[in-house]
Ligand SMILES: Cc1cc2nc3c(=O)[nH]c(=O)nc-3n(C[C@H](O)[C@H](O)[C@H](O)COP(=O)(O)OP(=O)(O)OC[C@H]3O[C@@H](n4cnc5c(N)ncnc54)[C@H](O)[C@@H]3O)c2cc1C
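We begin with a single chain expressed as structure tokens, specifically the form predicted on its own.
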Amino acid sequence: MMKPQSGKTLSIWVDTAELPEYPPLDKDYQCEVCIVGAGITGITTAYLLAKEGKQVIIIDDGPIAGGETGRTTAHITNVIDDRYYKIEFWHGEEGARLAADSQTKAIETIEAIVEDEKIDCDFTRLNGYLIFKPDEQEDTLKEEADACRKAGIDVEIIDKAPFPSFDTGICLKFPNQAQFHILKYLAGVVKALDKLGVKIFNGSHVNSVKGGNPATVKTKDGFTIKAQDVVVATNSSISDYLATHAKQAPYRTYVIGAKIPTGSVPLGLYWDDEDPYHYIRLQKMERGDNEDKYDILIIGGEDTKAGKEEFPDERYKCLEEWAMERFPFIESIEYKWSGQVMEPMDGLSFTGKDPENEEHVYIATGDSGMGMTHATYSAILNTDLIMGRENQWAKLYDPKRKTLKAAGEFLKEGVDVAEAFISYVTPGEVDSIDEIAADDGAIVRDGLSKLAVYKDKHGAVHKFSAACTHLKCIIGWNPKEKTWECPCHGSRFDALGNVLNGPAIKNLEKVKDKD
């Protein structure tokens, strides 16, 4: 069994589950639907289409859930983290209602799949609690409660969240939220896919996706899949060049898993509105021959722009300090990991026909930190579009949409992109390669260009162009995950320059030593 990894840190999910491994694509294929990406979006889409009787192939350059799916905190919620009052401002009351409907339907669909396939994945219905900063509690809390009710979300104002160790003040309570073990869930869905005849290929890098009749997917190894329809489910789309990427931005979110006595924190999903914000849930654990039982308190937040955080250990330290202040009974920190979140400028994902490749190519991107429900309603929506059915969410999530009221968000992220290009003319992070420690990387100026330089554990130096192979933004080094990250559009590469995450398709360009 292969452990999914897109970085060096280990999530609780990867540590406590096994997923099947499939061989690479070894010849040309034809099918009705080809799905690029074997995370929760691709796997769920394949399941729904196969249940409709479609002949489906899934292809991924890594293992199942090897991208961001294994790095989630697996909150299953219809409580949009950009807040419903903002969704209502950007998309109107009907847009907010449709967004709520899609999120709720996603929870119900996950629950139905768990029940139908008898998946043992710790799926649990529970309450969610949204906690606001003290100086915002009255006005913002009531504004959000009103917007939620208009959107059809069940919400109640209560005196405090049920933490025994500290008083949160009044907050919003949302019944019928959920959580699960994401990789145990996907293992169960994949087992169902095997029975449904879905073919899965791991370790096959896709070089191009082209719409048409048929649509074609070509791999680095020279093989081709021809399909009636293609769904690109790669977190950040690899089939369009700029259309969606100009309207979303990549952020890295940080997570710790703390060991606590069983029952010391009530089961629930918890989110606050601090800056930086935090999100909390529990995962029950049993370890060892004596069945040692305890809870892992999963705490995330401290988000930073991808490719711009030089000291990620500081983010984990901030999470630990925040947690210890509120939960003094924490016994130890068992896990530290991070994941990438794509933030759309108007709070909603981009799901549907690829705006640059519309003929029989569909995408799903812009999870906005809500990957579990985003993946699931995207699978529902794209399945309906492929099956020729109308879907009331289609216009809301249309990747071609332009949301004028969110122009301020667009301009803010545009400044960050401009800074990434300005960095072409700024100094390197170090003056000399000699300053780079073993198993570490840095950006080094080399005349008029910049190099991404990694020094491996044995002291060997690996040099690459620091220009992302998507749109040439200058990348940054993540010392905790040992990856190169693009702050503009979210492409990621391992220490040796191999692409891990789109929109880039090509590896970093190697640079030879000058004679």
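The first residue of the shown sequence is 1; numbering continues from there. On a predicted model such as this, the values are computed, not experimentally measured, just so you know.
Below, we refer to the form predicted together with the ligand, which is not included among the displayed structures.
The listed set L25, L500, I12, A495 contains one residue whose heavy atoms approach the ligand in the predicted complex to within 4.5 Å, identified as L500. With the partner omitted from this view, the residue of S349, T72, N78, T244 that lies near the ligand in the predicted complex is T72 [heavy atom within 4.5 Å]. You can rule out all but one of 229 to 237, 435 to 443, 85 to 93, 387 to 395: in the predicted complex, only 229 to 237 has residues with a heavy atom within 4.5 Å of the ligand.
Taking non-hydrogen atoms only, Y185 never approaches the ligand to within 4.5 angstroms in the predicted complex.
Using a 4.5 angstroms threshold between heavy atoms, G128 stays clear of the ligand in the predicted complex.
In the predicted complex, the ligand sits beyond 4.5 Å of every heavy atom of G307.
For the chain shown alone, Q340 is a contact residue for the ligand in the predicted complex, at least one non-hydrogen atom being within 4.5 angstroms. Residues of 368 to 382 placing a heavy atom within 4.5 Å of the ligand in the predicted complex, in sequence order: S368, G369, M370, G371, M372, T373.
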